[in-house]
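So here's one chain in two forms, each on its own in structure tokens, numbered structure 1 and structure 2.
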Structure 1
Amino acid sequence: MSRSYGRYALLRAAQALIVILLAYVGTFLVISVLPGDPITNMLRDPQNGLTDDEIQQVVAHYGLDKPVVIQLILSLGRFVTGDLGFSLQSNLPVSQLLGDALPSTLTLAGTALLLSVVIAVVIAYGVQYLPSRWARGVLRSVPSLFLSVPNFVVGLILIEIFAFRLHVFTTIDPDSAAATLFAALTLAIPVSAPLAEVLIANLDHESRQEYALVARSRGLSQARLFARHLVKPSMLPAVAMIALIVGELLGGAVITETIFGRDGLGTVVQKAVTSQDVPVLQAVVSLAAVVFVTVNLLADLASPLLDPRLDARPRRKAAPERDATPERELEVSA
């Protein structure tokens, strides 16, 4: 019966591919159909000092003298073969620009992801187990506070306190470990809020289950019960959120990298927007869509494997009614 899981996986992968291509088309249309054609504006801008020959070259490359549909097909064809074009600003290949910026953003986003999970777990644990009712109440309102503070304010406050007053890091060296940590914290705070909300709700649910009662009756301390039995089932539903979180991290990187002066994808976006560098913008947005859709796909494919109740394959000791409707279970999760 693992054939049904295979079919499900294939179907989801095909769906993901379609969404990526449609996202590319959508971005292309937003950039080229809306009023104010950036490429032409940028070509005509005398500041860029392009000769007529160069303008002709660019026009021919993007097919700007042809209808939008032809431009789209040209552009889509290049994207499918992995050709992202050249930056209008620096004339470098877009793939090189993105490749140079990627490591910095990956470090930042990876650290931020880790931090946000830690923050969320600490908040959820505190809300469940802190001895003082008052402290629990205060901690309970932290996620909604995190959701209400703009990213750039968090960054500026951290810089103001830890760089300017306490000199823990300097903004002159944005790639140092300390500066990276604070930049990641800036990015992690708004991301940790929804994660903490989900954890709090699940933890509340799980700790009322009978297995938790049994574990407690065996004499397990609260901390060990939490670490050994409750964290895993409470985290599982959060796996479904991972794609949303990755999207949030990529979007937040634009602001965070600008504030901390890091040279990552976010800064590339910010510069591309300022100089109307269309190929770069198109590439970054498509890349973001590819990442989001892939992560989403992996999360969807992994959840039946992580949570046996959603599994397509019959388990040896699974409850009979689960076995009877594996297909429907999957449809619900999809």
Structure 2
Amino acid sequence: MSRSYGRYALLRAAQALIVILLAYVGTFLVISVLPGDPITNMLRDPQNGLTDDEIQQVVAHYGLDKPVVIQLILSLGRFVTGDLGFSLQSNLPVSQLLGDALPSTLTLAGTALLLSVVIAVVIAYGVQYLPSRWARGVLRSVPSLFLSVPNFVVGLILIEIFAFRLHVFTTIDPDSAAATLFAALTLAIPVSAPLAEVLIANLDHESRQEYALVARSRGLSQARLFARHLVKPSMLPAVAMIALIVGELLGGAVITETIFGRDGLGTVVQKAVTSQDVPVLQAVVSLAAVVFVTVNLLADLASPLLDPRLDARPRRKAAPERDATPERELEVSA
């Protein structure tokens, strides 16, 4: 499978690169067809104090005096080489602005992703193995509750309880470990809901399979059955769901950073939208596309590794691999 998997990985990487380039082109064209010329209007703002010669240099750098097709080629060439241009508001390189803000946002989103997985697994496990039928039914309804509450409401509740009443963290230091944990929890609670629902549905399916019934008849404990035989096949669709919710994490991070007063990409986006800083907006959208496509690529590459029955090779006639089935793994482990 190594050679076929290598071809599969290269193909998926090439497709991901094409998607990123198309996303950049789409963003550029949408900004180009907007009415007015925000770049030139901002440059000619008297508050910027730019001379006519300096304005002409910026116009020539971005090719604003050329047709849209030429502007697109120049912009795409700069993007491929890592040149994101300069902020029209601060005159700083856009890469520097994003580099300063990105660590805070990635820390928040990464912690939220980890917490969402933990919450989803705990809910799914409880739905399967809590002794009380009533408690299992209540736990099944928790994901629906999480989905119905907006994350900014969750954030305000957590701030009111744990910052103002219990003093677990302070809003004066939003980058502290405790404040970051609760900000990530604000993001994780609504995001964990669809992941928990997918895990519950797949665990319900896998627990009714023959190999699970055989394992129970042999006296395998519920915890060992869950960890050794049910989680792995149930995680395959969950991995795809994790890749999809990354976009929701990035979008929710903008709101959460505003609620908790964190300086991240949310602050950069807010200032760029207010001032119509086009190079910054285009760079942020392109960065979001890169992150989203990369995470989906990693999910696609992980799928054949999680389930050996998924063969990456294109074949004319599919043949089942008996040795890779959960029943065979159960026999081997026994």
Partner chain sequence: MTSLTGLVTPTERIRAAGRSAVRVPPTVAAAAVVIVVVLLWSLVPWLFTSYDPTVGDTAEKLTAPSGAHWFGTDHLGRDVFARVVYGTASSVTSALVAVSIGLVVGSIIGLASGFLRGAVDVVLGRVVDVLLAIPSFLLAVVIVSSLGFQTINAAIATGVSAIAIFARLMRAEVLRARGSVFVEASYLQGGNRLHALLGHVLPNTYTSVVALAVLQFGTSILVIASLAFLGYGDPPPASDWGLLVASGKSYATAPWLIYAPALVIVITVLSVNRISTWLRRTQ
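Superpose the two forms; the largest set of C-alphas matching within 1.5 Å is the rigid core. Numbers follow structure 1, counted from its first residue as 1. Every value quoted in this text rests on a predicted model; they were computed, and no experiment measured them.
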| item | value |
| --- | --- |
| Number of the structure representing the form predicted in complex with its partner chain | 1 |
| Cα shift between structures 1 and 2 at residue 15, which is computed once both forms share a superposed rigid core (Å) | 2.9 |
| Distance moved by the residue 57 C-alpha between structures 1 and 2 (core-aligned, Å) | 4.7 |
